[in-house]
Structure formats: C-alpha cells, structure tokens
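Take a look at this single chain, the form predicted on its own, given in structure tokens.
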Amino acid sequence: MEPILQCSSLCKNYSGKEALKGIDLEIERGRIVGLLGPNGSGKSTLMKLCNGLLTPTAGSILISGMQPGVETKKIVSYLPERTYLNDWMCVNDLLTTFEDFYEDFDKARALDMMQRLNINTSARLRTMSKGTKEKVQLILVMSRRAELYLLDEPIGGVDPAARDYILNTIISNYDENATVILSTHLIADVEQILDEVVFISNGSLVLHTTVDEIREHEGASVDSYFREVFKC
C-alpha cells in the first residue's frame, strides 16, 4: 500500500532562512507518529506543508501519492497550534459548519465526545476557557474520517485530568488504515500511544524510528532518549 506521506529532499525557506533542510521521510498508513523537536525545529512548518498551507522551496511532498492541494484536503484533518475558530460562534454552529464542509465528518461521534467532556454545545466560544476551546477544536478534527490527522500540540493547553481522555480519543477515533502525526513538548504524556517517532532539529531530520527500537536498543523511554539526544 502506498505510504500516506512521502518527503524527498524537502526544503522550506522564509526570507532566506532555512526552516526545513532536505527532509527525506516516509510514513506508512496505520501509524501514530510523534513529531518531536526543540522550539523552532520546523515541526509546524512540516505540518503546514503537509496541509497545503505552504509550498516547498525545493524538493517534493506527497500525500497519498498526490501533491498537497484540493484533493488532499479531503483526506487530511489538521489541528493547528493556535485556535482558528470564531469566538462569536456556538459549538452547534461549528458542528453544522464542519458537517457541511467535510463529507467525512461524523457529527454523532463529535456530539458523543462533547457530552463526555461536559461541553455545552449551545455555548459560544467566547464564554469558554482556552483549554475548553482547544478540546472543541480537537473533537472537530478527530470527528472526521480522514486518512491523515495532523495534530500540532493537541494537549498543550489542556488540563492534566483531561489529557488521558483526549489521548484515548485520538487512538480510538481513527480508522486502522489512517495515520496520526502529532507534535508535542509533553513527550512523557503521549509516548504510550506512539508507534514511531521523528526527531527534527534546526530543520533537519535527526531520527526516524519505532518506539520499540528506542526501548530495546537504547534502554530508555522516548522522553529520556529525546532529552539525551537534544541535551535538555
């Protein structure tokens, strides 16, 4: 089966500064992958390229064999680092919007998750805490039947009590042939759900391996090995 993501000599420059430097990466289907690296390493840039929000300076990127564009947006569900939802909208408005906009949106799944997290679907976003807004946005993203989920800091603003539920939501709400790529600084909180990790630093690929390989060959957790590699 064709990989869901293929990057070949992928580069991205901003005003002469190299954000990504010749990334060669292949991600198979049916995996949960941690995209990990220090601040400014290029994680968000890579996700934006996957989602078609940016175009490569050089090299290529393919999503399910296609260049990012209209067709790939139908199979990619993206959670950006910052909330993009309008504060004046209520949750029910957002559910209707996603249902109208995405053919693969499962409204019943979204409503079930909203109920489990005690989110009032009649409430406007402006009345919610930052953490609750992030939960709403994650639920909307994970309620699509996508082939690739790109989650940029999905638990960064969420209280610890809700993290386990949200991580369980991620692993239980995607099809077995779909892939989840998530970036986070909270490695210890997410490593139990990861199949693979990608380490990047200063725009370059440092490591792409399985979590089992790290545990067996390095004798360390992903969090500990990350700290060792990046001396943090």
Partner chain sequence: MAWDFSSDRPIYAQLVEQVQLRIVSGIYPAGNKLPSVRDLAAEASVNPNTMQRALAQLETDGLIFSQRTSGRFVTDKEETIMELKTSLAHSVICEFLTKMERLGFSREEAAELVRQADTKEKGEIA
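Residue numbers count along the first chain shown, from 1. Since we're looking at a predicted model, the values are computed, not measured.
The same protein also has a form predicted in complex with its partner chain, omitted here; what follows describes it.
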Heavy atom contact within 4.5 Å of its partner chain in the predicted bound form, the stretch among 197-205, 48-56, 24-32, 66-74: 24-32
Does Leu62 make contact with its partner chain in the predicted bound form, using a 4.5 Å heavy atom cut-off? no
Does Ile187 reach its partner chain in the predicted bound form if we count a contact as any heavy atom within 4.5 Å? no
Taking heavy atoms only, is Ala19 within 4.5 angstroms of its partner chain in the predicted bound form? no
Are any of the heavy atoms in Asn13 no more than 4.5 Å from a heavy atom of its partner chain in the predicted bound form? no
What residues, if any, in 195-217 have a non-hydrogen atom within 4.5 angstroms of its partner chain in the predicted bound form? Asp195, Val211, Asp212, Arg215, Glu216
